[in-house]
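The data below hold one chain only, encoded as structure tokens and taken in the form predicted alone.
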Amino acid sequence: MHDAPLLNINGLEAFYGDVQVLWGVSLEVNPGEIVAVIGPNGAGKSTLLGCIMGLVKSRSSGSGPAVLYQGEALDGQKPEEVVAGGIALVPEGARVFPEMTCLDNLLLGAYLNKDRQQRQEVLEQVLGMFPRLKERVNQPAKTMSGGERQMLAIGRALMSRPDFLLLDEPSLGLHPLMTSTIFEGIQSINQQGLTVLLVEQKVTFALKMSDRGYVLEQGRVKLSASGEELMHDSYVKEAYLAV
């Protein structure tokens, strides 16, 4: 028996200006899960994450709030309020500050935490999780590889000590070996109790490590099942795994 879902999305509709991008999307994420959202480019996957973070205008097609986190409505909250509530987003494309060192980028992620000792403890945890970052700690981010910058972006998000991590295409542009390293990092974060919602193009990787998955197409949820079931679903195989 699960506790109540950590995140509950109900009949979510999203808009860019007057253009509707999501239609009646419902999904849930339980505490401690990794949940994957897969689908083609332009399906609305990043928009979904933007709605959770309060970055995209959204509403519910039904009654009640569209986005509930720990039972509280996130509708209408500002992004900084969402972050303060324990959610962190790692946006697509490893956005880090290129001129700043690896360490300063990480510390920026902890700006809400005034407790110096706690910041140091979290920093040590993050560097333990991504030894590559430890080696690069005093280098400017611009001298780091794409994969290292992605680790840095994830590490920076973890510095805010979130309960719930949203990842948008963490493997984008990375070679397979680095993709494996990033995904191992995500699994180890999850094993330490962090709940993860993962938007990802590399479908096999994403489904293998996910408890459950949703297929999003043209702004609507087409399928949802366990990661294992989706891996073996004939539609998913044909559309996404080219089997």
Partner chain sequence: MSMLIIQSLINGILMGGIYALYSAGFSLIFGVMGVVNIAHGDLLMLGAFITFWMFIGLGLDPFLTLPFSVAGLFVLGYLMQRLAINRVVGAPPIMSYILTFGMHLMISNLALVAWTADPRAVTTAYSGANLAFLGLTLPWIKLITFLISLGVIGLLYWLLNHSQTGRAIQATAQDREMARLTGIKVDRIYALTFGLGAAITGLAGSMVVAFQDVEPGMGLPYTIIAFCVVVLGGMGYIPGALIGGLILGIVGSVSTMLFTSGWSIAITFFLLYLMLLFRPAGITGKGIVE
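As the structure is a prediction and not an experimental result, all values here were calculated from the model. Residue numbers count along the first chain shown, from 1.
The discussion below concerns the form predicted in complex with the partner chain, not included here.
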{"item": "Proximity of Pro162 to the partner chain in the predicted complex, heavy atoms at 4.5 Å", "value": "no"}
{"item": "4.5 angstroms heavy atom contact with the partner chain in the predicted complex for Leu74", "value": "no"}
{"item": "Pro91, heavy atom within 4.5 angstroms of the partner chain in the predicted complex", "value": "yes"}
{"item": "4.5 Å heavy atom contact, Asp104 and the partner chain in the predicted complex", "value": "yes"}
{"item": "Of Val122, Met129, Met144, Val83, the one that lies within 4.5 Å of the partner chain in the predicted complex (heavy atoms)", "value": "Val83"}
{"item": "The partner chain: the contacting residue among Leu27, Ala43, Met178, Met53 in the predicted complex [heavy atom, 4.5 Å]", "value": "Met53"}
{"item": "One stretch from 129-137, 144-152, 96-104, 168-176 that, in the predicted complex, holds residues within 4.5 Å of the partner chain by heavy atom", "value": "96-104"}
{"item": "Stretch 134-161: residues contacting the partner chain in the predicted complex, 4.5 Å heavy atom cut-off", "value": "Arg156"}
